[in-house]
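Quick heads-up: it's one chain on its own, the form predicted on its own, in structure tokens.
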Amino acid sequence: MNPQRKRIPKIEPFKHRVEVDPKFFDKSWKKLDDAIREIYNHNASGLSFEELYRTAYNMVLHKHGGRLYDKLAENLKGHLREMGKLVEAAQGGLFLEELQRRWADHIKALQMIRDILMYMDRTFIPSSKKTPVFEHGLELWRDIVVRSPKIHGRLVDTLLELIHRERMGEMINRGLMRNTTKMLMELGSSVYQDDFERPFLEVSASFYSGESQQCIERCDCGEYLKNAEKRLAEESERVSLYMDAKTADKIANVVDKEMLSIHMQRLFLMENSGLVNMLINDKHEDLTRMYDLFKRVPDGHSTIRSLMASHVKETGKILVTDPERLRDPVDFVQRLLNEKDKYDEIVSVSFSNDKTFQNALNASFEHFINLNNRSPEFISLYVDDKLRKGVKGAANEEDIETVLDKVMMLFRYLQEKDVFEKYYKQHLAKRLLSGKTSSDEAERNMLVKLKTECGYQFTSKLESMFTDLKTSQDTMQSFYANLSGDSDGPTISVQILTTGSWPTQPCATCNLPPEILGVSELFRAHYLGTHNGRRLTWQTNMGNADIKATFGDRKHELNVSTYQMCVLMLFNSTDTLTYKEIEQNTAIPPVDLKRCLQSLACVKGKNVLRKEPMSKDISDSDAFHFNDKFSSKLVKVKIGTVVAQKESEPEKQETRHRVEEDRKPQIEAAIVRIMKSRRVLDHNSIVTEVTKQLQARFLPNPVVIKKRIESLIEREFLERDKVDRKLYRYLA
């Protein structure tokens, strides 16, 4: 007997067969087709969207999604063809309005149709990789309406015509333009770019090419740039109102190229209105506009910089080499400062304080200032004038400080700062010794600026000059405190100058009057008695004196130099002396004596002596008489020495020689420092390194460097390499 098999439960399919109406799709589509027609006819209010959605749902559920999609496409094409005919029939200005009206209808219809076919959009379309309903409707609009042979060209031409009319100053319907370009953007970026943007840019290039050519023929540079600026602003506004934001840079590039880049050189070099004219006439507004516009153009700013630098160098060269302007050093430097202020303001106001422009300006000033080897002397004379007299119109220390800061800008441009130092020391010494400085605070501030710029070594001797003056005051107090006897004799005030700190030159001491000689010897005895191992040498060429003089019944107090005092004191015993007699009695050097006599006899209002024969030049045969008819409204009369403000040619050569001599040890020290660290170096490298180290003070001449190397070889600091004669070795 077979064992009983266990029966396994099994689920069987439902036996009842659902019969599908063979005309189900046709009936369902008829319902949807009628609904879509009503939607396009603006009769959608009577439709049951819930019923329509269920109908479409069942069609997809019964595997009719593909047929439904195709039928929908055919239906939309039919409606769009009808719409296209209506758009084509629109005339003139109604064309865009009709297009917009039909586009709005189509979008509204698509939204309703998409809602009805939402189930197909979510299930069938992704699985079959077809285009969603709404997007497919846009594609059909693009292909059937927008790119219709009768609409496409007309659409583009209408848009471009409206833009052209707006450029020519007419008012257009910007809202309609915005809606039309927005339609193209919604159809896809490629549609907007291919069907509108590309032809728009091409037409714009042609328009601005023609306009720029006409404008440049009839306008000056400033007017042309104003027009270009206006056009750029208009295009920017146009894009913001009715175009894609990405079009902004593209149309700006077209305007930049056609109106600016192509005509750049002609605009800059335009006679009587170009860049140079703007710089000369301080046309800040035009320069600002030029700077802002041409930063958009390749090489725009670099071209402006180059032309500005060339102009500054050219005008600066004329300024520093014009013989007429070299006659007055103070005016010479003031003109340089005025030029610097002028271009600083242009760079600051018009060129947005652009560092590249500032650097170009600095390089230009450095170039032309150093074309005149007297620039260091003249700048020192300018500072001397300001610190001696005070700045004209300056109410306080801040004003003087401002002027000194400006002068320091010029100082930085100097390549021969050591030459400036030499002259500045001479001028500072004269101010301090004559008591002519207008402000001790300003003097010390100037030293601080020089020390900050060049280091302690540059100002150490200048600072010791102030120390000497303070020490001299203490010494004079001590001298008069210990002096006993007659106090009715002449008094002296002695400035004791440390040799090496002051720019004194050995000079033959003149014969002092007996009255002065006595008190001078008393001071010498006092000083040497309190200081061991020191030596005093009188610098009579640098002193001054106050003497009382009687002219008839008039009494005056004369402020004169030591040399002038020695001459005038001779006339206490006689009324007339010849030039030779004065020279023998005073032993004043001839050059100084002639200047001295010129100031005493040839200057109107200061002629305390009379000269025979009367002329400006002093000769050995001249005779001088005491002028008892001299008169002046002032009791105190200052008689200056006739002296050229600038150095004479021999003095200039002497100063230059001293500067060259002072440079030799500095060059040698730099060579030794370099060789000590490098041990072995070729000639060209030494020259480069030495120049680099010393350029803050001066630019050493390669020929001089070579001579100093030779000198160091002779003194066995260096030696030439035995194989390569261009190599040098440091000898420890």
Partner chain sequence: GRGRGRVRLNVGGRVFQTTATTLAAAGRDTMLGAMLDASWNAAAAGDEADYFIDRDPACFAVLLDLLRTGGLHVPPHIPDAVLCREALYYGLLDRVRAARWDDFDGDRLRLAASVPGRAPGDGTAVRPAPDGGCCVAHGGAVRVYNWMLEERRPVYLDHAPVNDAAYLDASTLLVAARERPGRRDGGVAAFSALTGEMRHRFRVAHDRQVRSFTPGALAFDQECSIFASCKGRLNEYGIGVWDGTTGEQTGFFYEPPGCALGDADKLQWLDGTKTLMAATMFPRADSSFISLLDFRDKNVVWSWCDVGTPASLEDKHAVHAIAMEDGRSICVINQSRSKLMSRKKVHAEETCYPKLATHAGQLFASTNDAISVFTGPDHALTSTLRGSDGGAICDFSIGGDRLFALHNEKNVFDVWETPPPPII
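For clarity, every value in this text was computed on a predicted model and none was experimentally measured. Positions refer to the first chain, counted from 1. In this text, the rigid core denotes the largest set of C-alpha atoms whose superposition between the two forms falls within 1.5 Å.
Beyond the structure shown, there is the form predicted in complex with its partner chain, which is absent from this document and is the topic of what follows.
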| property | result |
| --- | --- |
| Touches its partner chain in the model of the complex: residue 670 (any heavy atom, 4.5 Å) | no |
| Interface membership of residue 690, its partner chain in the model of the complex, 4.5 Å heavy atom rule | no |
| Exercise: residue 686 in contact with its partner chain in the model of the complex, heavy atom 4.5 Å | no |
| Residue 47, heavy atom within 4.5 angstroms of its partner chain in the model of the complex | yes |
| Contact check for 108, 118 and 126 against its partner chain in the model of the complex, heavy atom at 4.5 Å | yes |
| Contact segment among 547 to 555, 229 to 237, 189 to 197, 110 to 118, judged by heavy atoms lying within 4.5 Å of its partner chain in the model of the complex | 110 to 118 |
| Contact assignment for its partner chain in the model of the complex, among 37, 27, 678, 54, heavy atom within 4.5 Å | 54 |
| Interface residue in the model of the complex among 625, 122, 284, 656, criterion: non-hydrogen atom within 4.5 angstroms of its partner chain | 122 |
| Core-aligned C-alpha movement of residue 660 between this form and the one not shown reaching 2 Å | no |
| Threshold 2 Å Cα movement between this form and the one not shown at residue 175, rigid core reference | no |
